[in-house]
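This document contains two forms of one protein chain, each encoded as structure tokens and listed individually as structure 1 and structure 2.
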Structure 1
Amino acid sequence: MSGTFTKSMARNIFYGGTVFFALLFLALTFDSMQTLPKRDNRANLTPAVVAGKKVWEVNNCIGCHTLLGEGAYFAPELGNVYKRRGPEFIKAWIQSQPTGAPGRRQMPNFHLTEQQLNDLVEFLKYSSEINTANWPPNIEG
């Protein structure tokens, strides 16, 4: 091999690397598209879950909470709250906010209707049933 690096060599490395990483990207995309339907819980998507997701978005819950590791870290992870606490606790907790406990962060009261609470709980139930490969690692979020 020559001691000089030519334009032809640089071009070949560039094109070879581009093709390699494009093929790698396509292979990983294909693998993800094959794996996701087995893990994402789409079979349990109901109108109540969709309505609960809308309640989640309209009230910007992700602005304070995380869901499956995504969102803000101001308040607890809610990806497994349904399994940890159950539906009645979740509804009671949301309705009782703010608690007024000194020295604690306070969640505002969003004045949700009973139907909105039920939908939100259905959304959290749906989220808790997604195969997350044991995320979060701590049961308490």
Structure 2
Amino acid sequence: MSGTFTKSMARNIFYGGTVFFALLFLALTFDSMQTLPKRDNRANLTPAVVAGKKVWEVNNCIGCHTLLGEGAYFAPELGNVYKRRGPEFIKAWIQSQPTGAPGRRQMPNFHLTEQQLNDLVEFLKYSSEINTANWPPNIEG
């Protein structure tokens, strides 16, 4: 911080640098949006998947689980649960909660209808088919 480096120089670098990197970020975002159709499995965004995503959201599943690694770390990753367990297991599991096993972590029963269960499974199937650059490292999530 010598005397030749003044506050107004620092301020100008701040504005210039911020604008430059914000624009670069927008450019990368624009490019990502062009590439996403090849990776994000949007072809399979059926009405059931859309309904399933809503079931996922209004029951706050992310409050315990991760989905593609994001969420809470209290319960298993569900981005690949469709591949790990399959549709029938997922439905049976959700319906049989809570286990009531003493001292074990408990999942509430959300009283989902058959339709909601099917939609949720469709959403998890769609999620499991997103191209995640090979993440997670193995089927355990």
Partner chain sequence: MQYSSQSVAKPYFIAAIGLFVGQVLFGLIMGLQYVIGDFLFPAIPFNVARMVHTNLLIVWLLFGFMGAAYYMIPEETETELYSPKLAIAMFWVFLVAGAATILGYLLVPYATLAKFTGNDILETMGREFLEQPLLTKIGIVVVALVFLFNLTMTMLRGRKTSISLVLMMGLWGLAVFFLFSFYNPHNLVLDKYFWWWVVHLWVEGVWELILGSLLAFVLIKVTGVDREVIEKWLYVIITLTLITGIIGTGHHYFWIGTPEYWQWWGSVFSALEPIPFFAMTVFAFNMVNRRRREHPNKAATLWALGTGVMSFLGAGVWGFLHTLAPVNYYTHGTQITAAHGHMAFYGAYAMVVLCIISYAMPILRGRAANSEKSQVMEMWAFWLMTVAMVFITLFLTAAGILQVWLQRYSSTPIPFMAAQDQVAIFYWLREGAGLMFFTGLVVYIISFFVSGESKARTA
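Everything quoted here is computed from the prediction, not taken from an experiment. Residue 1 is the first residue of structure 1, and the numbers go on in sequence order from there. Superpose the two forms; the largest set of C-alphas matching within 1.5 Å is the rigid core.
**Student:** Do you think the form predicted on its own is shown as structure 1, or as structure 2?
**Tutor:** Answer is structure 1, the other one does not fit.
**Student:** Based on the rigid-body movement between structures 1 and 2, can you say which of Leu23, Phe89, Pro37, Gly100 lies at the hinge?
**Tutor:** Among Leu23, Phe89, Pro37, Gly100, only Pro37 lies at a hinge between structures 1 and 2.
**Student:** Expressed in °, what is the rotation of the smaller rigid part against the larger between structures 1 and 2?
**Tutor:** After superposing the larger part, the smaller part appears rotated by 34 degrees.
**Student:** Once the rigid core is superposed, tell me how far the Cα of Met33 moves between structures 1 and 2, in Å to one decimal.
**Tutor:** Its C-alpha moves by 2.6 Å once the cores are overlaid.
**Student:** Once the rigid core is superposed, tell me how far the Cα of Val19 moves between structures 1 and 2, in Å to one decimal.
**Tutor:** Superposing on the rigid core gives a C-alpha shift of 7.0 Å for Val19.
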